[in-house]
Structure formats: structure tokens, C-alpha cells
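In the block that follows, a single chain appears as C-alpha cells, in the form predicted on its own.
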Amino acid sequence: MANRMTTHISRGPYKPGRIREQSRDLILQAAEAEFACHGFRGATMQRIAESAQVPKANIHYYFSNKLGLYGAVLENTLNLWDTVFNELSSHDDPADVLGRYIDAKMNFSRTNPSASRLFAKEMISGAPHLSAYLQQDYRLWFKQRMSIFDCWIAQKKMDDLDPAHVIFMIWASTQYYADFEPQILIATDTQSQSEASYQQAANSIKHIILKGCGIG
């Protein structure tokens, strides 16, 4: 994903907002690849601009400095991961929601492995560039998700488990396939993970998680 920086703009009326959004997305993709390859310290705004095929000044239009761009890349990863979980309701079927969430997380690991690995490096380092975000918005988001789990438990839709650890298990199992891919390839004696192998893994994770929650 991150190393294919070509832009395609369909024919139609000129829409400044859409063009700006596309430019910002290209910058984020280029930055993700640069940070994943060189780390925060080694990454340069000039290489990011060259990869995104935009003037360096365009980056500073959207992001004040390298730290701001790095934080945006990490936050973008979180937002893409958690889209399925953003609109939870106590009226939802937990089997359906958790199944779709696991599928979405596994698909992200398959299509965006560099983003997952970059995020993992940040967490292993103690989240120095993302701690403020995690302590504010994300903490609230997480508590709101757990409250829905508590409603499901009260409604007997799932077993009485600690919601936090259910979510942690989903994160750990799905992100493993991107973050520790070399170990998987060595253990399975394969050259790469196919889409079919990812789907097989997703099905196994769903079976284990849903059964463990008493809803499978």
C-alpha cells in the first residue's frame, strides 16, 4: 500500500475539498512507509514529499512538523482499525459485531502490515508520541465500548467476562499476523501469507473468541 503513490482523479466537477483530502491521504501513505522504513528519527519530510509527489510546502500545510505528521499516521491507523467498533449499540448482536471486527482487523493486517508494525514499535517504545491521544480521546472511546459489552452481559447475550480482556485478545491475535509475519512464515514453512490463509486464520480466531464469550 504505502509504496504505491500514484494518484488517480476521476473526471467530473472540480471539488477542492476532495482534492485536498486526496493530497492529505497521499502524504499519510508516504509518511507511513517512510516512518516504517527509517523510524521517526531517520525519516525526512523531503523524502515523504518526494514519495507523495507533492511539494514539501504542501506537507506543512496539513501538518506543522514531523512530529505532527507522525502522530497523524498513528492516529489514522487507530481510526481505520476501530471503524467497526465506533457505532456499537446494546441492541446489536455481539456475535455479528465481534465477527465483523475480527474480519476487519485481519484484513487490515493483510493490506496494511507496515502501519500495524509502525504502531507496534510505538507501543513497545512506551507510546512517547501517542500517549496524549491515548490518555484522552482513546480512553473515553474504550470505556464507551466496554459499557456496551456490560449491557450485552446484563442481557445474557454473552458470558460474564471482563470486556477489556476480550478486546485485548482480539487486538493481540489479529495484529500478530502483521507484526510477527516472519515468525509465521518460518513456522509454517511458507514464503508469504495468502488471502486465503488470512481468511482461515480469521475464521479460527472468530471461532475461539466467540466460543469463549459464549456466543459462538
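The shown structure was predicted, so the numbers you read here are calculated from the model rather than taken from an experiment. A residue's number is simply how far along the shown sequence it sits, counting from 1. Rigid core: the largest C-alpha set superposing within 1.5 Å between the two forms.
Only in words, not in the display: the form predicted in complex with a further copy of the same chain, which the text now covers.
Heavy atoms within 4.5 Å of a further copy of the same chain in the predicted complex are found in one stretch of 147 to 155, 173 to 181, 24 to 32, 56 to 64, which is 173 to 181.
By the 4.5 Å heavy atom rule, the three marked residues 20, 79 and 100 all fail to count as contacting a further copy of the same chain in the predicted complex. Contact between residue 49 and a further copy of the same chain in the predicted complex is not found at the 4.5 Å heavy atom cutoff. For residue 86, no non-hydrogen atom is located within 4.5 Å of a further copy of the same chain in the predicted complex, even though that partner is not displayed. Using a 4.5 Å cutoff between non-hydrogen atoms, residue 69 does not count as a contact of a further copy of the same chain in the predicted complex. Taking the partner from elsewhere, residue 104 is found to have every heavy atom lying beyond 4.5 Å of a further copy of the same chain in the predicted complex.
Annotation for 135 to 160: interface residues with a further copy of the same chain in the predicted complex are 135, 138, 139, 142, 143, 159 [heavy atom within 4.5 Å]. In a rigid-core overlay of the protein, residue 33 has its C-alpha displaced by at least 2 Å between this form and the one not shown. The two forms, fitted on the rigid core, differ between this form and the one not shown by less than 2 Å at the CA of residue 95.
If you fit the rigid core between this form and the one not shown, you'll see the Cα of residue 70 move by 2 angstroms or more. By 3 Å or more, the C-alpha separation between residue 42 and residue 181 shrinks in the predicted complex relative to the form shown here. Here's the thing about residue 38 and residue 121: their CA atoms end up at least 3 Å closer in the predicted complex than they are in this form.
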